[in-house]
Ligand SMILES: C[S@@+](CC[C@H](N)C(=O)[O-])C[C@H]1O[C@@H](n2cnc3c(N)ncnc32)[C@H](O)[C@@H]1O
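Quick heads-up: it's one chain on its own, the form predicted alone, in structure tokens.
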């Protein structure tokens, strides 16, 4: 972006020039990216205030942000946040950026949690676990929308655990575009692989187990866009040489960790939906269904442990 050329120009005109530059770099959603970069770096939303002049002192910062996006750095890392079910989540290098498609996974977990009775061991509490929490996106969504719940968010990566704790704290404080957590709900973020760091006393008592695990095969690396290849941690994407290893492990763990009638929701590779259903049945789960995202792709496998929630 040419700083001198942008001086004295209205926001709308600068946005068009930035969008043209981003499109030339191969960025598919150039216009909305231009809008968010300008709003984040200058404080002026070109969509809402098209004729407002951009502050000259902020233009060098905008030019630096545009250069980073042209180099195919993800928008979320440049502006430092992303939105997930209305929650403003902090994003950092080295931690997987949550995708909009995962919002339907969180929605299915929320629906299952709200359907769970508050009677486990007389505690009057719901027990929910989010495995591979990353930024804490799903755990934060559960915390905001499910009352009377104890939530554990787990991740094997220390950087993800640190960021998830930051995002949970922002939600609690009302600093994440939401008022705070739901009534009487608690959230703890722990470090460990899969369910290794979850209190073993919770085994057999979970109302909901939800996860967005790594589920892509190793051969997919060659097909990734630069934003994914160069910035998302590969451990959060690759589920093993086959790609399905972690999904199958979670489905088999679910049968022993869920309470009778409890639900598991696991995001999957749409290409492996039939295998995910078979794995769920093999694990002993029932009412196995596939959850479609807004594009119609199979986004998650949803199942229950046999038995009644009552």
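Residue numbers count along the first chain shown, from 1. Since the model is a prediction, treat every value here as computed from it, not as a measurement.
The form predicted together with this ligand is left out here; the points below concern that form.
- Shown alone, this chain has one stretch from 229-237, 71-79, 166-174, 200-208 that lies within 4.5 Å of this ligand in the model of the complex by heavy atoms: 229-237.
- In terms of contact with this ligand in the model of the complex, the residue from 179, 124, 192, 86 that brings a heavy atom within 4.5 Å is 192.
- 156 is the sole member of 114, 156, 188, 104 with a non-hydrogen atom within 4.5 Å of this ligand in the model of the complex.
- Taking the partner from elsewhere, residue 160 is found to have a heavy atom lying within 4.5 Å of this ligand in the model of the complex.
- Interface membership of residue 213, defined by any non-hydrogen atom within 4.5 Å of this ligand in the model of the complex, is confirmed.
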